[in-house]
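Given as structure tokens, the chain that follows is alone and in the form predicted on its own.
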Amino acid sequence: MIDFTPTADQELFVKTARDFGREVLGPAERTLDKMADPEEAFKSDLFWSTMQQAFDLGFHKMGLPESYGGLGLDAITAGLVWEELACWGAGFSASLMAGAVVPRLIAFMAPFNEELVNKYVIPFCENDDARLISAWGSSEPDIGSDGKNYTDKSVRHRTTARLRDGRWIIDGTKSNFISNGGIANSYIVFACVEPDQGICGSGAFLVPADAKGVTRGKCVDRLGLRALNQAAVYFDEVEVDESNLIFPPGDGYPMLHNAIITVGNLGTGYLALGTLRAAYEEALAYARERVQWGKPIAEHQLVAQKLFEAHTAMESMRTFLWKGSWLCASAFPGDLKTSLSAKIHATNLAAKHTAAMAQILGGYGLTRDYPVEKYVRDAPLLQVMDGSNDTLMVKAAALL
């Protein structure tokens, strides 16, 4: 049976995340959220100094093996930390999650490629330099949900890769919603190598951000999660070594893609849990202090109902996510159906109940004097992160 008692190490990691969140992450995220120009936000000393402090504490390398200098945390422990960090700064947390994709995929898929390990994995773990943050690019202007369409041979990535004199030449565009797209030091790029195989004809390539021909679009100006950089990335005759193909095209593509979204969707679920928890804690504190009709509004039935329903939502979200993480810890990459279901459940409930928490504050819930309005803006974006919930539901239902 599962034991819900946290270990001493888990309690220490969560406390570290809580202290960092309260003192550094939360204030920085709220400040960046209020900046009108996202381009300026991601050039600011505040963004990079905050991210560097997160790297100094090792939050960027929680899932990387200790043999490379990572923390080697299991999926459950990492999930506890992600919830805590997201409670203070979901945007920064999302950036940190995506930021480890290059070293994690190299460690998983190309551990014997010493050149790539020494260039991208070891420095990421040992140097703890926030400028080494990475990103992955699958979605394109015409390929969003179709990235999961493994059977229709007419569906393929428009970004292409071809061999020329022992070098891969990559051309194409990745969509506006590449997390860390405008700030990454390196990318995992899915590019079509064998068009007749459809989406399965794509390989996964490692592309340095400073390679000739790589350019980035403007940061997307979004409603919420404004501390997360998302931008298009363009590739014009970009050359990389033949060994930079870290996963070849073919029948194994669905396994790779499903492994990424199995882990990624759990991460998004923890972002939703942390976001709702932040809104709930603000609303609960307010409801205990605000007096109307002679008593704190927390004692009025309709307000108490909103708080109770948010509480039960968080408990169900957390338990579902823990199960998904437990399955990941039991056998990598875990169970796709559970991860998708947990993400859909968590993000839908977060969007619903953060709005209810704003109502508890009345007019104040929609002002920037209180942080709840930020959570109301952040939560809906999680319903489309790592795949829109509608398309993920169809995929999960097919696995029943």
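Residues carry their position along the shown sequence, with the first being 1. Just so it is clear, the model here is predicted, and its values are computed rather than measured.
FYI, the form predicted in complex with a small molecule isn't displayed, but the following is about it.
- Using a 4.5 Å cutoff between non-hydrogen atoms, Gly137 counts as a contact of the small molecule in the predicted bound form.
- Contact between Ala17 and the small molecule in the predicted bound form is not found at the 4.5 Å heavy atom cutoff.
- None of the heavy atoms of Val376 is located within 4.5 Å of the small molecule in the predicted bound form.
- Among heavy atoms of Gln10, none comes within 4.5 Å of the small molecule in the predicted bound form.
- Figure note: of the listed segments 71-79, 325-333, 227-235, 113-121, the one touching the small molecule in the predicted bound form, with heavy atoms no more than 4.5 Å away, is 227-235.
- By the 4.5 Å heavy atom rule, the three marked residues Phe42, Gly182 and Asp210 all fail to count as contacting the small molecule in the predicted bound form.
- For the options Leu273, Ile178, Ala161, Ala283, the residue carrying a heavy atom within 4.5 angstroms of the small molecule in the predicted bound form is Ile178.
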